[in-house]
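Consider the single chain below, provided in structure tokens and representing the form predicted on its own.
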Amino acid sequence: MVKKGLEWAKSLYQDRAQRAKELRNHGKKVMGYICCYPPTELITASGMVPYRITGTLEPITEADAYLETLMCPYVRACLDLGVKGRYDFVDGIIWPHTCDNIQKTYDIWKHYVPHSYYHYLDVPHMSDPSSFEFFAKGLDVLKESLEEFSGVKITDERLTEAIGLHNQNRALLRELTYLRKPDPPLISGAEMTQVVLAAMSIPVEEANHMLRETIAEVKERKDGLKQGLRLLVYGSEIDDIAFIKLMEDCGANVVIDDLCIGTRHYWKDVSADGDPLVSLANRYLGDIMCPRTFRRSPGSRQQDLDNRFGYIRDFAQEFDVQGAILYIIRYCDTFEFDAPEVKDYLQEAGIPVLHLEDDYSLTSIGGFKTRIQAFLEMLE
């Protein structure tokens, strides 16, 4: 039986590699990438399948031989899968400079995880004009590298077409997100996470088809979810539904997020005007609101906070949020440094906040239940 909509997304979530392996067996190249910063449009324009590398909440058994335990458990989990051969269907990988943990792991991955292609993408930490110029040049180098590996010339026409397809993908994900606005929402946070991960696992044309089916299916739902307190979740990587489902099993509805596997991935489009590489540089460096990028904000302290965190407050207001949970992976310095200011900023805007620090495992997630229940009781 051919799966459709949410059933299709759930099937892909449960076995993300299934379609990529099938396509590779039919001669298609699969290009892995980690984090939000490698432009998937360039991969699509080269005729390859973009595939988002993620970790898993299962115990880490191999990576500790290569990485210290006092570093990001998410990065360790990704490497653990790599050295176990779980990404052997990936022909190549694009590895961006996003944080120290990601950067330092690239050489280890390159040495111990065999692929036919590796590319390190230098992403500036600043958002000054020279940074965008530098990044656009770096994307040009990436384009030429992908052309050589794939044997496909990435013309401006092909790249513009790919930008259009990925903008459609983002627009469809936003449309599905807006179906979380009603009270109760028409789609749960756990279901949304499954859909986003599924869309990162297949060619963009197929993902867009799946999303259209999912949107139509969700709109036809006669009964929404159970009513509950409406939450926003902020943090870095949540690529397993266990944590989202825990909150929803406690009686809440996760109606919006600011996560790498979430709105940070799809909320802003690439401009269709001008040089496509410049447009990609502007979107990926300028519009992804990750604390790894420093944004100059001349003016008062409040103006600086509004510039950095105002969009989170806007999310909370637009989706009628009653509380926020900061989900911070342990040893993630970029998010840990911002967390106190994010917490204070949201609380000053009248949004109660629960700050949780996690070691990216099922064991720690289970221990959060009491704290989440107490937080929800405080909100009632």
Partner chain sequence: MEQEKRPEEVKKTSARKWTESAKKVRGLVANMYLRAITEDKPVAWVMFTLCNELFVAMDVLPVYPENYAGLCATKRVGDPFIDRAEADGYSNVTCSYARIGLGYSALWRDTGEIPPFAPDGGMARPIMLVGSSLVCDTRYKWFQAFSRYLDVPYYAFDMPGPPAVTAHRPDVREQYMKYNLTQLHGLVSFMEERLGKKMDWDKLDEIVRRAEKSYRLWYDAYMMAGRAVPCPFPAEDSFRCFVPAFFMIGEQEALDFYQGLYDEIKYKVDNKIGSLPEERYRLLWGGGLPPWHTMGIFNYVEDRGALFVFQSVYLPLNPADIPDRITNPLERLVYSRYEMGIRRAEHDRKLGLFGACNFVGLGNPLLFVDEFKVDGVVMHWLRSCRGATIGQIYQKRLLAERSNLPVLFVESDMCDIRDYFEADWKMKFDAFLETLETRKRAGA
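Positions refer to the first chain, counted from 1. Fair warning: this is a prediction, and the values are worked out from it, not measured in the lab.
Below, we refer to the form predicted together with the partner chain, which is not included among the displayed structures.
Asks: Give a yes/no on whether D314 approaches the partner chain to within 4.5 Å in the predicted complex, heavy atoms considered.
Replies: Looking in the predicted complex, residue contacts with the partner chain do not include D314, since no heavy atom lies within 4.5 Å.
Asks: Please determine whether N101 contacts the partner chain in the predicted complex, using a 4.5 Å cut-off between heavy atoms.
Replies: Close contact exists here: in the predicted complex, N101 approaches the partner chain to within 4.5 Å, heavy atoms only.
Asks: Can you tell me if T61 lies within 4.5 angstroms of the partner chain in the predicted complex, counting non-hydrogen atoms only?
Replies: No - in the predicted complex, heavy atoms of T61 and the partner chain never come within 4.5 Å of each other.
Asks: For D333, is any heavy atom within 4.5 Å of the partner chain in the predicted complex, or not?
Replies: Looking in the predicted complex, residue contacts with the partner chain include D333, since a heavy atom lies within 4.5 Å.
Asks: With the partner chain left out of view, which of K226, R301, K153, R221 would have a heavy atom within 4.5 Å of it in the predicted complex?
Replies: Comparing distances to the partner chain in the predicted complex, the residue within 4.5 Å is R301.
Asks: Just to be sure I understand the contacts: of F149, Y178, F89, F294, which is the one whose heavy atoms reach within 4.5 angstroms of the partner chain in the predicted complex?
Replies: Only one option qualifies, and that one is F294.
Asks: Report the stretch among 259-267, 238-246, 213-221, 102-110 that approaches the partner chain in the predicted complex to within 4.5 Å, counting heavy atoms only.
Replies: After filtering at 4.5 Å, what remains is 102-110.
Asks: So in the predicted complex, are Y117, E206 and S364 all sitting within 4.5 Å of the partner chain, heavy atoms only?
Replies: Zero of three within 4.5 Å in the predicted complex.
Asks: What residues, if any, in 138-164 have a non-hydrogen atom within 4.5 angstroms of the partner chain in the predicted complex?
Replies: Heavy-atom contacts within 4.5 Å come from G138, V141, E144.
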